[in-house]
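To begin, one chain is listed below as structure tokens, in the form predicted alone.
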């Protein structure tokens, strides 16, 4: 039987929206628990790859509760965070007064159809969101469209380790341990069993790198984190 929150068809967005509405209040806590706090280090790596600095305009798609958007703003960039989950955005806005950030705004919207003009941002990031889109290549096309020539695209998400033994152990952790956090803290094991289900249908770091090259991006790179259990994809829009 498939996961209650995963669908490969047109209902996917609705199911993912229901998932994030369910987990929003405990999202940050469970991220810390399931990653042993390492997600914070990985997001810092993303911000360094983004090379955010004063004077740049950054877009953080699928911004969730705002971790990356706040970090980009602390680096000096003007930041727009966009997410389709009203519940996750509510958590981001609630955190904003105490986040110690510069210029950051949060908008409700669809990462596949953003309201921004072509070549509008210097940096476009997405963390743990590309895998959840109904069309991951469409998400990359939209990121590419709104990035100015020479601008950077950076993606952080779950990966597929190239080492078979490590991949088996890692998938076992996602299958058996991570859903326990969902059951304990959200009363819903399926909400976190979804991670493995979605990852199995996602081309992960190498597939994302291939898609970025097909878009004509330059300087495409992949950074394996934790042996490829997580990954950072990086590219620049050709000038």
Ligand SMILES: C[S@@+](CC[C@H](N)C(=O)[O-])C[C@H]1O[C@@H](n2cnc3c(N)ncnc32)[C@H](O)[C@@H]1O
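Residue numbers count along the first chain shown, from 1. Predicted model only: the values in this text are computed from it and were never measured.
Note that the form predicted in complex with this ligand isn't included here; everything after this is about it.
> Spell it out for me: taking this ligand in the predicted bound form, does every residue among 27, 64 and 84 have a heavy atom no farther than 4.5 Å from it?
Yes, because 27, 64 and 84 each have a heavy atom that approaches this ligand to within 4.5 Å in the predicted bound form.
> Using heavy atoms only and a 4.5 Å cut-off, determine which of 92, 111, 73, 140 is in contact with this ligand in the predicted bound form.
Comparing distances to this ligand in the predicted bound form, the residue within 4.5 Å is 111.
> Looking at heavy atoms inside 4.5 Å, which stretch does this ligand contact in the predicted bound form, given the options 84 to 92, 159 to 167, 145 to 153, 115 to 123?
That would be 84 to 92.
> In the predicted bound form, does residue 229 come within 4.5 Å of this ligand, counting heavy atoms only?
Residue 229 lies outside the contact set for this ligand.
> Answer for residue 133 alone: is it within 4.5 Å of this ligand in the predicted bound form, judged on heavy atom distances?
Yes, residue 133 lies within 4.5 Å of this ligand in the predicted bound form.
> Any of the heavy atoms of residue 128 lying within 4.5 Å of this ligand in the predicted bound form?
Flag for residue 128 set to yes.
> In the predicted bound form, does residue 31 have a heavy atom within 4.5 Å of this ligand?
Yes, contact at 4.5 Å.
> Listed by sequence position, which residues of 178 to 215 have a non-hydrogen atom within 4.5 angstroms of this ligand in the predicted bound form?
Nothing in this stretch is in contact.
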